[in-house]
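The chain below stands alone and is given in structure tokens; this is the form predicted alone.
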């Protein structure tokens, strides 16, 4: 466990937006513009409509069941942080903690979060050496972690499955093309078992989970302001956030950012793809194979 101490000032931001693109754009804006040294640490929380979020260095064709997501109106998004692919919906709570790089400590974050949730609900969440969290018994993964570090600052963000339809979750993450693609892109490590809080405590819900984490976070600081943020309005009023949003929604970012790969088609045909384009052409590689 890290021995670093937290600063004296904290802030909690509760997003009212259910749009993954808006929330990720707002998170990135805070990361780029908020000085932790001058203004204190930040906890940002939100939930969004059904979405599959891939890591910065991943390939959506290998990580996502693209046909299933398109048929079921599930958004596909690439985030700025590394790590693996996750499924979000309104039964999931997204938690993002902004600190200085020196204060970045995932085990310490997971301990205060798991302690708060275990006290709030009749459950037993245990952080793992991989910086995930599992429900016990059964080693059921209920939270995945990723991080971004730059310019002396860092954010640690994680999912928390409070309620979930595991069939939709698993189907959305089961790419039919996974074995047809050769790539050096980061591959997700699939959890042997997945769980959610409501399995063990029928009273568990996102609002109470958010409140429990918020109150535990507030106690870590001498001063901690809590603010509800209309992220949708901020995105449309702030040119920088709007620009980040535009990039996040672009085909070039979601698909074209994928590392170079080779697709093995029928009759042993090989298609090489770079920046999302079939090499030797200006044709985008299809997202509906």
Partner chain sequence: MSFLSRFIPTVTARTAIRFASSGRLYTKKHEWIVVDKTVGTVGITDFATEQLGDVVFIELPEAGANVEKGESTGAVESVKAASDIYAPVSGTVLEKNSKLEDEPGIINKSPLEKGWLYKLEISSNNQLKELLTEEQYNAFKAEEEAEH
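Residue numbers count along the first chain shown, from 1. Quantities reported herein were computed from a predicted structural model and do not represent experimental measurements.
Beyond what is shown, the protein has a form predicted together with its partner chain; the following relates to that form.
Visitor: Is it the case that residue 160, even though its partner is missing from this view, gets within 4.5 Å of its partner chain in the model of the complex, heavy atoms only?
Guide: The answer is no: residue 160 has no heavy atom within 4.5 Å of its partner chain.
Visitor: If we define contact as a non-hydrogen atom of the residue within 4.5 angstroms of the partner, is residue 168 a contact of its partner chain in the model of the complex?
Guide: Close contact is absent here: in the model of the complex, residue 168 is far from its partner chain, nothing within 4.5 Å, heavy atoms only.
Visitor: Against its partner chain in the model of the complex, would residue 102 count as a contact residue? Criterion: heavy atoms within 4.5 Å.
Guide: Residue 102: contacts its partner chain in the model of the complex.
Visitor: Hey, in the model of the complex, does residue 206 get a heavy atom within 4.5 angstroms of its partner chain?
Guide: Although its partner chain is absent here, residue 206 would stay clear of it in the model of the complex, with no heavy atoms inside 4.5 Å.
Visitor: Among 130, 151 and 259, does every residue place a heavy atom within 4.5 Å of its partner chain in the model of the complex?
Guide: Yes, the whole candidate spot contacts its partner chain.
Visitor: Name the residue from 145, 175, 114, 94 that puts a heavy atom within 4.5 Å of its partner chain in the model of the complex.
Guide: Of 145, 175, 114, 94, the residue with a heavy atom within 4.5 Å of its partner chain in the model of the complex is 145.
Visitor: Using heavy atoms only and a 4.5 Å cut-off, determine which of 107, 82, 192, 138 is in contact with its partner chain in the model of the complex.
Guide: Result of the distance check: 82.
Visitor: Picking from 54-62, 40-48, 221-229, 239-247, which part of the chain touches its partner chain in the model of the complex when contact means heavy atoms within 4.5 Å?
Guide: The contacting stretch here is 54-62.
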